[in-house]
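Below you will find one chain, with nothing else, as structure tokens; this is the form predicted on its own, and questions on how it binds or moves follow later.
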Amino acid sequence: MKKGFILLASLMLLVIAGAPLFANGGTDAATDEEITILFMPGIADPFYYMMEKGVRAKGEELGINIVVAEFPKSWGPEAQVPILEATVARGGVDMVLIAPTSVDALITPLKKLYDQGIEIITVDTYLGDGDYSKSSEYSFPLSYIGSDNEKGGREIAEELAKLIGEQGKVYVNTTNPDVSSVAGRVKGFKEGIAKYPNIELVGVDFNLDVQQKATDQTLAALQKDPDIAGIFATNVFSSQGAYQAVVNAGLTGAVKIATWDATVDMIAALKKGEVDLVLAQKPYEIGYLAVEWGYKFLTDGTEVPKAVIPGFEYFTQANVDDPAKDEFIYK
């Protein structure tokens, strides 16, 4: 009886002190103010700024502490990892929401944080093949919350095929070969376009998230194959660089352009007829959902789905002025 009382008193002291009672499994009786979630974006661009808004909105709604790391000025582990590690080293982080800038190179640094008791949710991009339900060196994150990029790539292929009359040459401008999001988009696009025997994919270039490089690459592709009929650009920098190349070449309208990410600039280009299709992801919703699921796990151990996939919205010249679509523009 006396022993039981002492044990109970000890546990109560641990709770009052805020000590974690469950490694990698939430805390017992933790107050909302004690929960700290860190958001680590991939790069400074409108997509991640929009995601930050969703993260902060849900954090404020729940009354928890949200920390937003410095936005890397370039894409890649060499830029992202030092910022991540320096921010976590300040202490108090219970969970990291991160867009890994490489499917492989982020495994080790994130596993190190996980082994220290910090939970991981990947947003927008994932580790390995993204299947966290199977046992692997990269299956430790709770969830991937982001777009179905292969599906989007296939849908873009179908729409671009219609725009060019299901015949002609097409070109893809993308960013990095070792990033899950854009790799999935290119894969899906290739699968989709392969269904059209009269369409030829003439090239895929990687701009490494440098807009000017995307412009230069697209101009070179148009010079090499002047009869290119359609272009797919896979993210913010690819889209803004590729469409500018077409404008500079005086081929607006002659070359159909399907782009990914509904930035203010791309919507303006669509209204001017300089691009033909803009796919909008839902970065605000991704950030909002990541905090929501993270909070549930940290407070009561709620099981998080291994993948949470918001859908897409498509902007065309026919619907771009619809007020109902305004919320999907990255502002």
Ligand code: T6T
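One rule holds for the numbers: they count along the sequence shown, beginning at 1. Quick caveat: nothing in here was measured; it's all calculated off a predicted structure.
Unshown form predicted in complex with this ligand; subsequent notes refer to it.
Checking 230 to 238, 157 to 165, 132 to 140, 196 to 204 against this ligand in the model of the complex, the stretch whose residues place heavy atoms within 4.5 Å of it is 230 to 238. The contact with this ligand in the model of the complex, taken as any heavy atom within 4.5 Å, belongs to T125 out of T125, Q217, T259, Q80.
Think of it this way: in the model of the complex, this ligand has a heavy atom of just one of E285, E292, E52, D45 within 4.5 Å, and the residue is D45. At a distance threshold of 4.5 angstroms between non-hydrogen atoms, W75 is in contact with this ligand in the model of the complex. Contact check for N173: every heavy atom lies farther than 4.5 Å from this ligand in the model of the complex.
Taking a 4.5 Å heavy atom cutoff to this ligand in the model of the complex, none of the residues in 90 to 118 make contact.
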